[in-house]
Structures are given as structure tokens and as C-alpha cells.
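A single chain, nothing else alongside it, follows as C-alpha cells in the form predicted alone.
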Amino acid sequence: MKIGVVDYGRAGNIYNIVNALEAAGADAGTISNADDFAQYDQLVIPGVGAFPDALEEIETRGLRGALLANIARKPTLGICLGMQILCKVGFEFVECDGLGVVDGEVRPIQCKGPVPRMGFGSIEVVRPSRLLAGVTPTDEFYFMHSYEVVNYTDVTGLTSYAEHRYVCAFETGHIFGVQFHPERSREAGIGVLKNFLHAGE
């Protein structure tokens, strides 16, 4: 399987993701225009930054149509902002329509701790998940974000921060999302990426 990491100008550490996918055993590359999608069997949508800026970049680069068409038929993993933009709507600065692939909203984290959340934390697997297979309570994953996915029903993972419990992973059909950064989560993150490699089998 060849995995394409979508480069829409808001990926941040896109080459770290490519390197992590290769460490997991993938044949990985980047997608920067609509024609590139044909080369890949699975997709990773990364991202750091603001929800509305990400959607604007996708539109400006002419990627939206091809991206949605490929998400509809290929295993897709959204990471951090990439997870969030898969949702219907975001409320970062302004109300903004997302890609609408999953039925979720993106809202500011409301908790007693400093935001953005930055650092390692554990996750709780709350239902069987191909992506989170093998994850244990002692595994730690790297988080860096100020917004969270809410009002979503296909939740596979939860995390807690400053007495606030929220969604950190979802899975519906061949669509997966994680709020943490597997490419920065050491062996635990590589394990999640290995699971994603098998999602298309």
C-alpha cells in the first residue's frame, strides 16, 4: 500500500509524518495537487494551525473536490487539525464549514489547565478499534492543540487533561481521526501508524 500525506500548506511537520510512516513500514509520499491522489492507496491528512485557514488553503489550492472523492473510497487518517477538518463545522475564531465527512463539531477546550494542551498523555480505548489495537493505558501520546472534537458518536478513544475528558480518536468505516500526533509519540505512535497500514487490507 502507498500512503499519501496531503500537503495543503497547513501540515507543519509533514516530513516527520512521512518519516514516521516509513518507519512503520509504509511506502509514503506527499500530495500537493489533485493529480497526485491517483498514486496512493491510503491518505493521511495532517495539520497544525487554525480550522478556517486550513479550509481556505484547501479551496485555494483546488484540492477539495479530489480530496473528498478520494476520502470516500480510500482509508483516511486525520491527525490533529487534520482530524478536526473532517468534521462538519468548526468554531475557531468564526463558524466555518469543515469537509463534512464525519458528524462532529470543533470547539475550544474548556478546562482548568493551560491551553493549548502540550505534552504527553495517555488515552482510554472505549470500544474496539482497528487503529488503536494494542494500545495500553501505559502508552503515552503527544498532544498539542487548543480545540477539540465534540458531539461525535463513533468515538474510539478518550483522553483526560486538567479534569476534562474529551475525544482523542474516532473511527467510522475506513475513516479514522486522532487528536494526538502519532509521528511524535515514539513507539506507541509508530504502532498506531502500523495499524493504519493494515486498514486497507
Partner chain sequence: MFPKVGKARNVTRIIAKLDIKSQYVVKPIHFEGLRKIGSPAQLSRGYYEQGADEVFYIDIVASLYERGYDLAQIQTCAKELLVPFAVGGGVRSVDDFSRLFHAGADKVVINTHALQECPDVITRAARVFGSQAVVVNVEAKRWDGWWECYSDCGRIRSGRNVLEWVKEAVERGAGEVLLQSVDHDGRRRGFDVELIGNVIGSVSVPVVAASGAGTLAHIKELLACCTPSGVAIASLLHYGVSTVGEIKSELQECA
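Positions refer to the first chain, counted from 1. Predicted model only: the values in this text are computed from it and were never measured.
The same protein has a further form, the form predicted together with the partner chain, not shown here; the description that follows concerns it.
Participant: For the three residues N13, V48 and E183, verify that every one has a non-hydrogen atom within 4.5 Å of the partner chain in the model of the complex; reply yes or no.
Facilitator: Checking in the model of the complex: N13, V48 and E183 are all within 4.5 Å of the partner chain.
Participant: If you check in the model of the complex, is R165 within 4.5 Å of the partner chain, heavy atoms only?
Facilitator: Residue-level check for R165: yes, a contact with the partner chain.
Participant: Is E105 close enough to touch the partner chain in the model of the complex, meaning at least one heavy atom pair within 4.5 Å?
Facilitator: Close contact is absent here: in the model of the complex, E105 is far from the partner chain, nothing within 4.5 Å, heavy atoms only.
Participant: Would E140 count as a contact of the partner chain in the model of the complex, using a 4.5 angstroms cut-off between non-hydrogen atoms?
Facilitator: E140: contacts the partner chain in the model of the complex.
Participant: Please run the contact check for P114 against the partner chain in the model of the complex: heavy atoms, 4.5 angstroms, yes or no?
Facilitator: Result yes; P114 sits at the interface with the partner chain in the model of the complex.
Participant: Thinking of the partner chain in the model of the complex, which stretch from 169-177, 33-41, 140-148, 64-72 has heavy atoms inside 4.5 Å of it?
Facilitator: Correct option: 140-148.
Participant: Along 110-132, which positions have a non-hydrogen atom within 4.5 Å of the partner chain in the model of the complex?
Facilitator: Contacting residues: P114, V115, P116, M118, G119, F120, E124, V126.
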